[in-house]
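Encoded as structure tokens, the following chain is the form predicted on its own, with no partner shown.
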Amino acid sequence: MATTVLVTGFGPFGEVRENPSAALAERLDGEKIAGAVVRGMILDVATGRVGRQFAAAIAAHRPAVVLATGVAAGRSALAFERVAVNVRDFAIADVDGERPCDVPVVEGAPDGLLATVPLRAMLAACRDAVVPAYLSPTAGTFVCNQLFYLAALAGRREGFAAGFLHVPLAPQSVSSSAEAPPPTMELATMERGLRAALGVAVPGAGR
């Protein structure tokens, strides 16, 4: 049986009507990278639903690697997150209108969990592909971090490597009337970087 890599993206939320992470998950779904089959899935930016959606994806695909992705307005490069923190503290409401404050992702679980994908190798692969990328300390405290924490926790229990990648906004995600447009990156560039990173994240791939 072929190795499976699960790549998740998020749907629209707040002012982000076209989420580039969703487009990336769609583009890679069914592709083969480093001998592994990629399965892409789009999750809702909903604190009360994302855990169930993610658990269903894990049960369906039994991946060896999970790389969750989300958009972070204001970033100009791909950001590989180091640490998932066990807190939900939302600056804005999710798509269901929920806005938890200082609430654990998982009650009684560790305060923080490290990514278990090969971050340095993935970063180097992006740079070799001429895609700007860097290591970021944490994924924040919104739904992106919640998913990253759930993935990291499940990975330790079920034996898959887990990580999270924040991507910039895509040009089409930004209003042409914006007085001070945020940084953007073309989807094709993001996809090139993501493919390069996954190429070294698959178990047995050359490091």
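Sequential numbering from 1, following the sequence displayed. Just so you know, these numbers come straight off a predicted model, no measurement behind them.
Omitted here: the form predicted in complex with another copy of the chain. The next part is about that form.
*Asks:* Contact between A57 and another copy of the chain in the predicted bound form at 4.5 Å, heavy atoms?
*Replies:* Contact check for A57: no, nothing within 4.5 Å of another copy of the chain in the predicted bound form.
*Asks:* I'd like to know if V174 sits close to another copy of the chain in the predicted bound form, meaning any non-hydrogen atom pair within 4.5 angstroms.
*Replies:* Judged by the heavy-atom cut-off of 4.5 Å, V174 is in contact with another copy of the chain in the predicted bound form.
*Asks:* I'd like to know whether G48 contacts another copy of the chain in the predicted bound form, with contact meaning heavy atoms within 4.5 angstroms.
*Replies:* Judged by the heavy-atom cut-off of 4.5 Å, G48 is well away from another copy of the chain in the predicted bound form.
*Asks:* Give a yes/no on whether D102 approaches another copy of the chain to within 4.5 Å in the predicted bound form, heavy atoms considered.
*Replies:* D102: contacts another copy of the chain in the predicted bound form.
*Asks:* Given a 4.5 Å cut-off on heavy atoms, tell me which of 135-143, 157-165, 32-40, 62-70 is the interface stretch with another copy of the chain in the predicted bound form.
*Replies:* Heavy-atom contact with the partner occurs in 135-143.
*Asks:* Within 4.5 Å of another copy of the chain in the predicted bound form: all of S21, L24 and E98, by heavy atom?
*Replies:* Not one of the three qualifies.
*Asks:* At 4.5 Å, heavy atom to heavy atom, what parts of 110-148 sit next to another copy of the chain in the predicted bound form? List them in sequence order, or say none.
*Replies:* Contacts from 110-148: D111, G112, L113, L114, R120, L123, R127, V130, V131, P132, A133, Y134, L135, P137, T138, T141.
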